[in-house]
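Given next, in structure tokens, is a single chain: the form predicted alone.
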């Protein structure tokens, strides 16, 4: 990428306004109903390398347009929900349903298995860290929002790494952790998995510290999906993960996004964590659609 392009995205009609002292920005100047030019896509990816979270406001797009935007930056994952595939609401497996709605369009019952499973989105996590090749970007679009609540919080794992004491950095840099969806749901007491679902939740190893390729910076790679660290007793491993997560999600590293209708928020799972905040999901519908892009290789195969 040319230095001129990085320095002057306004040459392509784009404006990036920081939303937080260390990361996150709003991008203005794009109508995502229209295809991006190559230069616009390059400028957006450069901004993602810098800010890790981008907000595109007022985007009246459908599923196909959201998918088309995502394909500018990589291969879209097939990301159907793990539980109750037969009751899936959306027809396209590449669009993930982050909602409180059933296939009939009605609110999920308070005791619905899918609602219990979806409560795991309130834990700090990185999307698809439980896959051998985890996620690159996630792109969440607000179609219907409740009158209040339901914010999404993001934490910058590069800034969190930079703030760790040198002794802690030396301790955690070589470590490898195991990730599984079953680990994160177990924290909430959810263990209602069928044998077929359990077979899809075999733990996968990921680096605990990785180098973010776009910026060249080291980053913690944390997630609620972590259930152990290689070579470490489980209680000690989980205590270390909890300590790191508490440090990495302190206010100086966190941006909270209050959703407006039509917002599309894109984040880089390679160097951020996120979590959903509570809202009155038994009273109000919330329809969010997510497109997720896969990374290029497992973290153990990427240079650190």
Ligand code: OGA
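Computed from a predicted model, the values in this text were never measured in an experiment. Positions refer to the first chain, counted from 1.
Below: the form predicted in complex with the named molecule, not depicted.
- Here is the short version: of 140, 208, 95, 135, the single residue with a heavy atom within 4.5 Å of the named molecule in the model of the complex is 140.
- Contact with the named molecule in the model of the complex, judged by any heavy atom within 4.5 Å, is made by just one of 152, 180, 100, 223: 152.
- Of the candidate stretches 237 to 245, 60 to 68, 44 to 52, 270 to 278, only 270 to 278 contains residues with a heavy atom within 4.5 Å of the named molecule in the model of the complex.
- Although the named molecule is omitted here, in the model of the complex none of 20, 26 and 158 has a heavy atom within 4.5 Å of it.
- Proximity of residue 131 to the named molecule in the model of the complex falls outside the 4.5 Å heavy atom cutoff.
- Though the partner is left out of this view, residue 121 does reach within 4.5 Å of the named molecule in the model of the complex, counting heavy atoms only.
- Residue contact with the named molecule in the model of the complex: residue 125 places a heavy atom within 4.5 Å of it.
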